[in-house]
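Starting off, we have a lone chain in the form predicted on its own, written out as structure tokens.
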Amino acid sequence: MSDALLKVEGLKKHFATRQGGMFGKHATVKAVDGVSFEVAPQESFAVVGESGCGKTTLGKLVLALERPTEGRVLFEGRDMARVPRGELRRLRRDIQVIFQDPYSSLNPRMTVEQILTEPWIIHGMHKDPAARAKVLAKLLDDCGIAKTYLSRHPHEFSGGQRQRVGIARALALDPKLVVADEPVSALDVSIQAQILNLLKDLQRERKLAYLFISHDFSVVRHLCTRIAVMYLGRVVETADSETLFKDPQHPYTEALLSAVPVPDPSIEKRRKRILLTGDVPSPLDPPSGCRFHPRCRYLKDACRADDPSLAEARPGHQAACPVLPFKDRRSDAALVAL
């Protein structure tokens, strides 16, 4: 898409380490290893995968908290790794983050008012007290935070209330893109629904784009229009949400979808769980060929040799599988979307 707000091109992040302690051999952790995607203005784009697949590192690269080993992160056409520090500071107003843990992401020594107004102080915004009070009142109302909470500290709130404060802090600077790193995974299920509905309402009202990082397909299906599935540092499938749930084109996506619970007992009874064998390979020594082949139930000889890149299964739907185009095949996992 030519009008992309965020464009990630061939992004890699490798970390140097040692195997076997201080005097062990040098090794490289390929946390992110050749990831590309685009996010349009006001779009909700999800990155989904197991723990350790590189999702959070990818988020840090987008936020310019880490410098890429290779590749580029372009925000409104500007390379985040190469802009001058002063311009990067200004760009940070347009890219904000919602953290996973509402218990550790808020300063316990600051009141809610101090937490929400600190971004304005840093960026020199809303210096007039009357104007600041008006903007603050609107921010509180949008995020469902009572004005009486302004003088309280984070320890006086529940997890859901703290996450609302975290969301309000992220929106204080009127960003264009919000990176949400597992923003509901630390919350109760009932509270998750409230926060997800809040995020949808805020996106519509404030014309936000989301890069939503999660391991939970049921969460991203509720919020996101497009999904990229990551495995061991790479994107193995990407499609719009409805298509991905109805017709997964990669064995890993199929296995993940088979684990998503379905509230209808009749459908749940007909579904078959796909149990993956073995453990996730180490990013220190990824397998040859397709990185998923040691756990794949459709393993062929070509899987051990061919290192697949994303290829178009149909317009707007890409998958990286050397031998299995799932075209014209309805999997058990597709029953999730029925």
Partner chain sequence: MEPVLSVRGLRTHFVTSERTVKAVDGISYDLLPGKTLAIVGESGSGKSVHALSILGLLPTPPAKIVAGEILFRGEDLLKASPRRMREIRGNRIAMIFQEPMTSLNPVLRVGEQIAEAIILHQKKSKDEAWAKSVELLRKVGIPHPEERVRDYPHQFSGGMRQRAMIAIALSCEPDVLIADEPTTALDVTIQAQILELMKDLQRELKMGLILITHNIGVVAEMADDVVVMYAGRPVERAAVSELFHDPRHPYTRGLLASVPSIYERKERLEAVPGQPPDLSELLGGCPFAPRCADAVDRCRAEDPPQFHLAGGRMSNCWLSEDGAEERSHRFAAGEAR
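Just so it is clear, the structure is predicted and the values come from calculations on it, not from any experiment. Residue numbers count along the first chain shown, from 1.
Not on display, but discussed next: the form predicted in complex with its partner chain.
The shortest heavy atom separation between I267 and its partner chain in the predicted complex is within 4.5 Å. Its partner chain is not drawn, but in the predicted complex it has a heavy atom within 4.5 Å of C224. By the criterion of a heavy atom within 4.5 Å, I122 is excluded from the residues contacting its partner chain in the predicted complex. Interface residue remark: S158 is counted as part of the site for its partner chain in the predicted complex, having a heavy atom within 4.5 Å. Contact with its partner chain, judged by heavy atoms within 4.5 Å in the predicted complex, is confined among 63 to 71, 304 to 312, 43 to 51, 29 to 37 to 43 to 51. In summary, among the residues L140, I191, L88, L208, the only one with a non-hydrogen atom within 4.5 Å of its partner chain in the predicted complex is I191. A heavy atom within 4.5 Å of its partner chain in the predicted complex is found for exactly one of V260, M110, V83, A133: V260.
No member of the trio G10, Q19 and R78 reaches its partner chain in the predicted complex with any non-hydrogen atom inside 4.5 Å. Along 197 to 214, residues N197, K200, D201 each place a heavy atom within 4.5 Å of its partner chain in the predicted complex.
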